[in-house]
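Here you get one chain, nothing else, as structure tokens; it is the form predicted alone.
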């Protein structure tokens, strides 16, 4: 008998037939520092080797250690870009993990529970849940002298439950801790082996069954494709770099800091610079200064930081300086819930600064689009000489397996930047020359013959301050023409579903993949919907307005309290009487089933 058998209450397999599963959601949860994210990272790498599609998301407290922390992984045969409705396997390091996640457990779910901190709170889980109770923490301390290794111990049990072989689990540990010496990685391997012992000793899964690919679940082995696992933040930063971005200034803030961290490791190799300012105001003003000097520049922040930047954004638009600004939206207002999900900055991004000035707001809905729009925003800022926002949401920290980016497709646009030769041929250089397309040729300060003035005041074509009414109208009209000139480059909305459906559904960003799955389920219920995800939020493009006009009724799904996207669409001329909002603003992940139910309720109410 296994030496740990008297300490463990476990589910016994009733037969030798594992549950075949092409789509499974696993959650690990506990207190910050318990290693929940590490367990999911280990599992993700192992399943990626099987060629499965992965989606991962974290739910953590805004603190260094402590507070509830959870990590989720969805593994599927086909691409899914959101969490499933149910949690199939829950690895819980404490009772709070059960309390917060029990509502998502299905009838056949498995709970692996660490009893070190107290008994399992069974009232939060279904009676049919299969339970494995193991004191991970206590045995990690007893056998390995450190509580730290309980995550690898838990991974060992989880690997057995999911039918991973010893080789798969060991390879994942070695990959995760590849920077450690052989001596330092040894306790992690020992913890993994302890997990295997628990599983074998308590009839969860024997070693022989593991080698035969049997567990409580049987996951497929697919032909492994060339995929990367990347977050929206990293993909956006990558796109900026690929488009020739060479200067980034920022200030740490959740959840935007990843962008600065990614670029800090890579920009210097390309002659670029990353600077951490003393605050958000310093960051954007340094980025504006770098852009004025000819560098392709970007800054990134979250709602509170973007709010501080608004005066400088207006100055950037007025002075016609190209700049990329990434907003990683989070639950507000003010500090709000820094690690929770919302899409609540649209009003600020479209109308935040004082006065009227041209700017663009792009809204990606996948890591591929994050990369593409990192490129596009950089190019658009140069072409239109204006600030371009990239509006991220939970997408910024979600990670996905996707095909590797094709850098050969990247095209670079420097706009109307003048060379020394072009400038020398001009009889007169006017920085703010009135042009048909509203875009003036740009000479970097210091170029011979390219002297110009930059001010926050209204100015004439030479840059001299002017309050002349005729000049004011001419300059305002000139700047307004910029957007029309580049409108053909702005990405139109993505449309899918039933082209003949009377019911339309509009969403943005991270909700796109949720809506895709929800629309499939609605189709199974003989409810046809046509879906539209605008990818340019400012200006609202004609295709979005036309979509509303073509439907009898339209539900606009978004994660905020005031229906900001619906308000923008109505304001742009869409028939307001056709639009109803479906809103979620609890800070949690939106799931396909909840969206299906919300649409069904709307339809039944007609």
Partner chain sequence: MTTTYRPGQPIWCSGCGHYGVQGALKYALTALNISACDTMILSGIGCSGTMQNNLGTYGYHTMHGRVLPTATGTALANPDLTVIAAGGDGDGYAIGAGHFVHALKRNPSLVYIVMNNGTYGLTKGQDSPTKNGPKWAPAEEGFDAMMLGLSIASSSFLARGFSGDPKQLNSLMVKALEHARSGKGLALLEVMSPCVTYNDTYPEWDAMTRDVKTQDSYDSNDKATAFATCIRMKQSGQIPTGIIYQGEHPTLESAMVNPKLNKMSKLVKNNSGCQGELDAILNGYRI
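Positions refer to the first chain, counted from 1. Since this is a predicted model, take the numbers as computed values, not measurements.
One more form of this protein, predicted in complex with the partner chain, exists but is not displayed; see below.
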I'd like to know if residue 141 sits close to the partner chain in the predicted complex, meaning any non-hydrogen atom pair within 4.5 angstroms. no
Can you tell me whether residue 48 touches the partner chain? I mean in the predicted complex, with a 4.5 angstroms heavy atom cut-off. yes
Determine whether any heavy atom of residue 149 comes within 4.5 Å of a heavy atom of the partner chain in the predicted complex, and answer yes or no. no
Looking in the predicted complex, any heavy atom of residue 281 within 4.5 Å of the partner chain? yes
Stretch from 416-424, 477-485, 529-537, 505-513 whose residues place a heavy atom within 4.5 Å of the partner chain in the predicted complex: 416-424
Let me know the one among 434, 120, 490, 444 whose heavy atoms come within 4.5 Å of the partner chain in the predicted complex, would you? 444
Only one of 177, 494, 104, 462 comes within 4.5 Å of the partner chain in the predicted complex by heavy atoms, so just point that one out. 462
Can all three of 274, 290 and 312 be found with a heavy atom no more than 4.5 Å from the partner chain in the predicted complex? yes
Residues of 223-248 having any heavy atom within 4.5 Å of the partner chain in the predicted complex, listed in sequence order: 224, 226, 227, 228, 229, 230, 234, 238, 241, 242, 246, 247
